[in-house]
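Just the one chain here, laid out as structure tokens, in the form predicted alone.
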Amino acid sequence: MRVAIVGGGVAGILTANYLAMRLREEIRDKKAEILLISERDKLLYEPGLLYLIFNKLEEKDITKELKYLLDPSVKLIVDRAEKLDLENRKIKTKSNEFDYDYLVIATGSRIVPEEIPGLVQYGDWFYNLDGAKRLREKLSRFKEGKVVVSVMGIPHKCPVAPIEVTFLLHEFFKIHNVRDNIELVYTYPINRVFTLGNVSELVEKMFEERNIETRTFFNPVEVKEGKIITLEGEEESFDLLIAIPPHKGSQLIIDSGLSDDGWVPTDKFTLEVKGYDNVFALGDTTDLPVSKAGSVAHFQAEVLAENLSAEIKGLPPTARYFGKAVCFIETSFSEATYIWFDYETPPTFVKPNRFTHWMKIAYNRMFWLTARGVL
């Protein structure tokens, strides 16, 4: 039985490692094989980009080679997947073709800043490594003017990151004694500053206490030099635009005809790709109503590995994913809160405190153990 996993991000690596631990005997006896296909040979710990722009972490702290993260029994193929043929159970890569018995799609999401005219030319972001490096340099020199943090589409990776970066910008400018010279504005596409109502209420209150302005129902359609133009007919000036660009799923999903936007139609409990009993999806690539966050990929990988290993062993797959998500929210460089929720439970959170902040910092350091399936 060959399990092929397409995608070398958090979801793919965790699934591969959890399966390897559950299928030790089957792999040893050559009754099972785990194949991970990734177009990159390194993993980027994307939550670390939030800290990189403030020079709290470096690139070496947030990247690691896949071969050091994967269980030795997992076969790593570094190649670009170009087509998924679900009917014939084949994966076509740039240089090869692979059959499978079970397929796990973990192709993640990507930013598409080019979809908003002018954003590439006039905007900045921290949602990939190159963008974060450029923004780090600009922030180190920024002393006065108007900074706009603009969420330009939903869904996007790490939903709370725009809130976190806004809080941290406020403190960063205070530390450098220039906060009084800077106007800080946060924009969001819907009628509040976050999708979840009670989280939005907390954040709005904290923004007001910090003199952070907000704009809601704010949907950018074009960026010009020093100006954002919105669908609603508004304009917002800026000296520095920190965008959360629009997101799409992988081009592989679109090219394979699975969806028009790259989000894979997925059963919310079993993680089966709809219409197929041997194909699964998890992490950012699904169309599920959950956060596109690392914790979601973690919880989904546990469920998927349990069910897949059960099927391979001839046992009933009884595990279910119930929408569990946990997200830390940094409110300063010394305090944080967190939220957790699932399909049935609304989010709950604690008052921002130092202990939760240090939990987040500790997790950043221990993440590589999580990726290996240890934590």
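In case it trips you up, residue 1 is the first one in the sequence shown, and so on. Since we're looking at a predicted model, the values are computed, not measured.
Quick note: we don't show the form predicted in complex with a small molecule, though the next part is all about it.
Please identify the residue among L169, L103, V223, A293 with any heavy atom within 4.5 Å of the small molecule in the predicted complex.
Exactly one residue meets the criterion: A293.
Of 24-32, 306-314, 335-343, 41-49, which is the one stretch near the small molecule in the predicted complex, taking non-hydrogen atoms within 4.5 angstroms as near?
Going by heavy atoms within 4.5 Å, the stretch is 41-49.
Should L70 be classed as touching the small molecule in the predicted complex when contacts are defined as heavy atoms within 4.5 Å?
No - in the predicted complex, heavy atoms of L70 and the small molecule never come within 4.5 Å of each other.
Any chance I212 has a heavy atom within 4.5 Å of the small molecule in the predicted complex?
Close contact is absent here: in the predicted complex, I212 is far from the small molecule, nothing within 4.5 Å, heavy atoms only.
Does T266 reach the small molecule in the predicted complex if we count a contact as any heavy atom within 4.5 Å?
Answer no; every heavy atom of T266 is more than 4.5 Å from the small molecule in the predicted complex.
Contact flag, G262 vs the small molecule in the predicted complex, heavy atom cut 4.5 Å
Because no heavy atom of G262 falls inside 4.5 Å of the small molecule in the predicted complex, the answer is no.
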